[in-house]
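There is one chain below, alone, in structure tokens, taken in the form predicted alone.
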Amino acid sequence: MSKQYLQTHTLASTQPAADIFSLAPTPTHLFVGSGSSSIKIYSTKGQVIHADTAADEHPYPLAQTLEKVHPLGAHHVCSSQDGKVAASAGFGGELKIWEISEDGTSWSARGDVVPQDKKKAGESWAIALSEDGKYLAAATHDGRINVYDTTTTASAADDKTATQRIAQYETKGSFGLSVDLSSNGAMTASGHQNGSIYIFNNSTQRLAHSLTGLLKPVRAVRFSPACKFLAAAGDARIIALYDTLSGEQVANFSGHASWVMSLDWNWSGEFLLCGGYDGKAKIWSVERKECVATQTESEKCLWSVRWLPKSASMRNETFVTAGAGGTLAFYREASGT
């Protein structure tokens, strides 16, 4: 059984147009990291199906712009599942932590993550936050995975105090292209330039599994909501699904004609969203192990695809895509599919 998703809105996020490299949704906002020096934050609270007013015609208004926080642009942004903390990594090596105000309307800087050796270049590529935003995992240029305590970040006025690193996972030295933290806090996963995939046990701080199956760069790794599976994808043009307990590969999803750049699970873990270098977004049914929807509105690379968190007011699931050209495209599930 196939599903149908309708493109409801498009937004030109960056002026002049720059690639959007990363998206990070919260229950109320959407962080957008791009080649621009500023991070844009959109409101996602106006989830309407039929526009009855002028305001309803723009359900994702720009809520805030964090001006000139990454001089060379931001290649990754991420957010905590509780929606209270976000992080951004810039091409200049800076790694910043953001927190939402008590009234939930605006974001401000908590501080910068300062590596213990004070060298920023190459220390932070892919990033991921824990469910409560207390811990941040960052993959490095030489394959290490650093896990930091975000409550110990340095203020802008004091960038000499190193952020507390609570763990460092060593791999075989290949560039860390992707990283994720499981929602239960038990595991860290990383994907690398040489095709390696690792799962680490956060309690013992030891390697739990070295996973096989992808021999080319792994550009995305993502734990399922229940932490039962890890999805991984990249230049091999397939999505590999692993059992996190046994480390066994349990499924392969093939169908992309080019590199898979981004992955995201829906809230229930039933569906897996992926975005490709060829501009196609696909949705896979995990149970049926088949593609149930393909969006082909764009021929430009999709650097990032994300489901928007499902709320009580949202009747249909919604996802957003972004990439080359600097445009955000929002899709919602058609009623009855």
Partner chain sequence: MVTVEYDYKDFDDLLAGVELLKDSSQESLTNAAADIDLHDDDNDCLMHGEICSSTPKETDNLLSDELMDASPSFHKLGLSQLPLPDVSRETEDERSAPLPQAVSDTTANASHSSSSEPSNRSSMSVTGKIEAVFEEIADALLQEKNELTLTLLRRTRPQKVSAMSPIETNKPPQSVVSKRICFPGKTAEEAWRFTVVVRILELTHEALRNGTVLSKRDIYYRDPALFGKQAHVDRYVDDIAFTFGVQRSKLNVTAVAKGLISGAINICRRDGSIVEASSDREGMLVPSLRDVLSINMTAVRWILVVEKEATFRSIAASTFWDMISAQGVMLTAKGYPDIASRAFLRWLSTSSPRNGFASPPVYGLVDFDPDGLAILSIYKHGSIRLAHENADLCVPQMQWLGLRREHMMIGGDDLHASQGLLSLTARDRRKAVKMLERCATQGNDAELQVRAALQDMLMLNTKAELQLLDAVPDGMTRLLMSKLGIL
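Given the structure is predicted, the values throughout are model-derived calculations rather than measurements. Numbering follows the first chain given and starts at 1.
Keep in mind the form predicted together with the partner chain is missing from the figure; the text below concerns it.
Asker: Each of D82, R222 and F330 having a non-hydrogen atom within 4.5 Å of the partner chain in the predicted bound form: is that the case here?
Answerer: Not one of the three qualifies.
Asker: Would H75 sit within 4.5 Å of the partner chain in the predicted bound form, counting heavy atoms only?
Answerer: H75: yes, in contact with the partner chain in the predicted bound form.
Asker: May I ask you to check whether T26 falls inside a 4.5 Å heavy atom distance of the partner chain in the predicted bound form?
Answerer: Contact check for T26: no, nothing within 4.5 Å of the partner chain in the predicted bound form.
Asker: Residue-level contact is defined here as any heavy atom of the residue lying within 4.5 Å of the partner chain in the predicted bound form; does K228 satisfy this criterion?
Answerer: K228: no, not in contact with the partner chain in the predicted bound form.
Asker: Taking heavy atoms and a 4.5 Å cut-off, does F271 contact the partner chain in the predicted bound form?
Answerer: Residue-level check for F271: no, no contact with the partner chain.
Asker: Tell me, which of L241, A138, L177, L181 has a heavy atom within 4.5 angstroms of the partner chain in the predicted bound form?
Answerer: Selected option: L177.
Asker: Counting any non-hydrogen atom inside 4.5 Å, which residue from R237, R165, K134, R110 sits next to the partner chain in the predicted bound form?
Answerer: Residue within 4.5 Å of the partner: R237.
Asker: Given the stretches 198 to 206, 244 to 252, 257 to 265, 97 to 105, which is the single one in contact with the partner chain in the predicted bound form, using a heavy atom cutoff of 4.5 Å?
Answerer: Partner-contacting stretch among the options: 257 to 265.
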